[in-house]
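Presented as structure tokens, the chain that follows is alone, the form predicted on its own.
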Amino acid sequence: MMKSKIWLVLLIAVGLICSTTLVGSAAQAGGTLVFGSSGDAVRLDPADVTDGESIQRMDNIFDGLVEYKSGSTEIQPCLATSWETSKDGKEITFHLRKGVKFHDGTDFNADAVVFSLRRQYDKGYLPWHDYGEWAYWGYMFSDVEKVVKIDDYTVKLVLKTVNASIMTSLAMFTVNIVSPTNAAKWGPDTFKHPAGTGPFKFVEWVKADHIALEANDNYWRERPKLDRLIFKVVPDPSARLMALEVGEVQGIEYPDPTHFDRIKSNPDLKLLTEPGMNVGYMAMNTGYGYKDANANGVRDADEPWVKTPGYFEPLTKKKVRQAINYAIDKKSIVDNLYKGTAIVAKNGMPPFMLGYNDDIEDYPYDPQKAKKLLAEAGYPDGFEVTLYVMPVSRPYMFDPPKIGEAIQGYLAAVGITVRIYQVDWGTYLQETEAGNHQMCLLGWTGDNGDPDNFMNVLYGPNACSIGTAGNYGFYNDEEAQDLLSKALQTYDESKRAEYYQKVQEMIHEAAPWVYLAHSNQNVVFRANVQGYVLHPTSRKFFYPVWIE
């Protein structure tokens, strides 16, 4: 459909929604929901992204073998109706749902499951493997040896070793099932033309403006109540709120906490909030990563440590990194910029998770101590450094530019001159995953509720792969990786907790990160939007939503 025609339909639909809001109609199916997002998607292939903006679109287009129950990280059947695990824990056999169609009209079956997973791990599966970076496979699924078709509706997942988090990980977006026929049609451009089995079908993507979806009339569950779902890019938090107030959008993400009183006093709006499973931080590039030549997510013996593109000598020194931790007043940032919607972070995962080390004593705000450590490290007069600052709001950091400016001021007070660097979101992720940065603002929202999803993905040396890094501090202590691998390979929760607590002690001492905050997740809707449930991972599922 032509862009002009589709927007005529959307404008009419939005106008109808606003009209029914004014007359207070009863709940009904149908209509369009326009959601104000802080940034655009990067790609629309669930296996080849790491950013929340892409994920929130795809969570409404694709399904996986299993899924999370509403509002929790407990799994339930989805495209797989049941499964059995072998006695040694290394093989899981899935029985697939029959009668399910992809959006392109082709059948969902075992071939589609094998295709969706194999393209990520099999370097010889060409040309499909060459079409993506598959970063999340390296983060979360490097223990998978292969997936095997048993018959048209049965597949077996074979693991190299026991993995205590594998079933919760299988509910993540990166192993959602894509149409092989659609992939064959579009080739390397498949990420622009997604086709899954989910509740909404892709219509169009106008870069930096909107992504339009429509209800999947042939969904294997009941049809969605919404006719259309539009993700509209509105980068500025104030502009997002104004668009919501006048009815141009019906929901927004990452509201500015300074606007909460204004939101709560407006009877046409409602604020949804709950503690977030996240961490926001500043990472310091400690200097060394590795080239993951075989894309297996593990640093092999023949893959040496090499300097990252952002290698910067002062940050290779532990005392400098510790000084920077002392120099930043995190409590002031949380009190004045997060406005009471977060708690100060001292470790790299939320305090309610298994293995959190509450015995660690955080770096206090102490500029004099920072200056002393800088002098001891050989930098009594400080130095100049570049800080990458995100251009979009995230669940763990709603206003990165203001936080970047605050850090700039704190470091100036101890003699460190900070240059702020900003670039579009997609490029930002590419450059930081490649290790181009000296320091960067980033963070993480948990994908599956398991501590491995923080500790191994963000801080494990295996995640120091240049080009697909999840460890943006490039912290490469191999003893830490050994402990993290052991934690993943045991079902003994007390033992797992001990391993994670020890690694947190090691990271605290090495200080490659300034952990800033664990923030609440907040979403605002028009009062007539019903059925939306916040998810601990901050993923956004619109299938149950309707408009009164």
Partner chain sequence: MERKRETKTGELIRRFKYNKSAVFGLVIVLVLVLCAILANYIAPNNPTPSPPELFNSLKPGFWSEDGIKGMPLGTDALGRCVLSRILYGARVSLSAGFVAVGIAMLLGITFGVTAGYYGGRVDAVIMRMVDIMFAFPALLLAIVIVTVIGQGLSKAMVAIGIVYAPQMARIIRSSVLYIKEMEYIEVQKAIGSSNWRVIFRHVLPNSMAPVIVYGTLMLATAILDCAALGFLGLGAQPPTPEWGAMLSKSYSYIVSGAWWAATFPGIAILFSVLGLNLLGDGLRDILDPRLKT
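Positions refer to the first chain, counted from 1. Predicted model only: the values in this text are computed from it and were never measured.
Keep in mind that the form predicted in complex with its partner chain is not shown, yet the notes after this line are about it.
In the predicted complex, no residue of the candidate spot (V203, R223 and D227) has a heavy atom lying within 4.5 Å of its partner chain. The contact residue chosen from K146, K307, K291, K339 relative to its partner chain in the predicted complex is K339, the criterion being a non-hydrogen atom within 4.5 angstroms. Here is the short version: of T85, T161, T106, S238, the single residue with a heavy atom within 4.5 Å of its partner chain in the predicted complex is S238.
The stretch that touches its partner chain in the predicted complex, counting heavy atoms within 4.5 Å, is 254-262, out of 107-115, 318-326, 298-306, 254-262. In the predicted complex, its partner chain sits within 4.5 Å of a heavy atom belonging to M242. By the criterion of a heavy atom within 4.5 Å, K402 is counted among the residues contacting its partner chain in the predicted complex. Although the partner is absent here, Y410 lies within 4.5 Å of its partner chain in the predicted complex, judged by heavy atoms. Within this chain, Y125 is remote from the site of its partner chain in the predicted complex, having no heavy atom within 4.5 Å.
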